[in-house]
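Quick heads-up: it's one chain on its own, the form predicted on its own, in structure tokens.
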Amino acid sequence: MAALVVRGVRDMLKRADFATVPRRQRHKKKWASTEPKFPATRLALQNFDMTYSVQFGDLWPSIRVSLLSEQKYGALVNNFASGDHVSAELKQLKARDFVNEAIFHREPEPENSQTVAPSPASWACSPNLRCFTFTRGDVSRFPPARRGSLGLMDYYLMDAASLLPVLALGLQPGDTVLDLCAAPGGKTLALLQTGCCRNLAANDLSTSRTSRLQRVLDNYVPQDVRDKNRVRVTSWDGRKWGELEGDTYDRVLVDVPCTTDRHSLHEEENNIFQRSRKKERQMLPMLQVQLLAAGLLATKPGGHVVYSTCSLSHLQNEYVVQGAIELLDNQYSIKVQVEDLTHFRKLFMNTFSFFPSCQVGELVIPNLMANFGPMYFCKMCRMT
């Protein structure tokens, strides 16, 4: 089965022409040492200027300056600590719980509206999540998290847009859940905060990254809760998950490795734009299609998958979704349907800036007034 996936991805990449390099731009290996030594962050910016100026047009200058500016964070309240006390302290800082504010204050559809109501599965949010952010234009910072009376950290600081894929997954009580690329652990923690996971498999190929994930669980989740939820942390090759546990999970999150655009502009360490990682970067779309295909194969018929990245690139976002759906149809005769998230996007438009022209899925774009993201996410239902 893995061979079929690889062959299908290669065929799809040939048609999409993801990473072809004109012959005139190639250079011999012996000349490489004489090339200018640019920092990886500078190479990343050059790459983004070339590709994103075309993809986003007039929006790119504002996205660019936002990416280069300080990022905003959200504080995900730890329900396993003294959650109500923590929420009160965060409110005193004049932060707001953007999740519950959106859900409980959403505007009802007009009675004479001609628009078709979305299906409940497409807009229902995962429950019990509380995440505080400062209002648009407020660049205040949250203080570092502290340990409460139970010895657990009181909140987890994260890009608030990273919570949207978990919210979109729409967990229900008793779900079996797979987080296929789980490290460093923010989304895994959010999945546990819902209280819906009957079983949770948290996987990441990198053992060093799963060590970070384990530390997050140790600091935020009581041992008895981890036992009750049967949390399983593994370091397997996610591309093979369809073979290992096919047709198993109600909900699957596939938050794939990507160009991590904001990180690539600010950090030299572990930067995928280092020259030594050029081939790895070019092969990202193939890896992403393989991981998403594996996540879909691991899902029960009727189950849901959310695919997400922290990249602006449509080659890593919409093209990957479309490629994986085509692959499963052609190789396995499995039908996958993309869910319409328009209603979901409207819930959170007061907090985030969304790109208006995604072919499938939704994309949070950085904006100086709401400097979250980038975060792409797309929800799918496996039909057969």
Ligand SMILES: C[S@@+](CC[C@H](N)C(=O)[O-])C[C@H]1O[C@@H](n2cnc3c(N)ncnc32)[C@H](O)[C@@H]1O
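Note that the structure is a prediction, hence the values are computed from the model and not measured. Residues carry their position along the shown sequence, with the first being 1.
The form predicted in complex with this ligand is left out here; the points below concern that form.
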Choose from 86 to 94, 130 to 138, 176 to 184, 194 to 202 the stretch whose residues reach within 4.5 Å of this ligand in the predicted bound form, heavy atoms counted. 176 to 184
Give me the residue from Leu152, Ile272, Ala124, Leu287 that has a heavy atom within 4.5 Å of this ligand in the predicted bound form. Leu287
Which of these residues, Lys278, Arg209, His263, Lys300, gets a heavy atom within 4.5 Å of this ligand in the predicted bound form? Arg209
With heavy atoms only and a cut-off of 4.5 Å, decide whether Leu167 touches this ligand in the predicted bound form. no
Distance check, Asp237 to this ligand in the predicted bound form, heavy atom within 4.5 Å: yes
Taking this ligand as it sits in the predicted bound form, is Val256 near enough to touch it, meaning that at least one heavy atom pair lies within 4.5 angstroms? yes
Closest heavy atom of Leu291 to this ligand in the predicted bound form, within 4.5 Å or not? yes
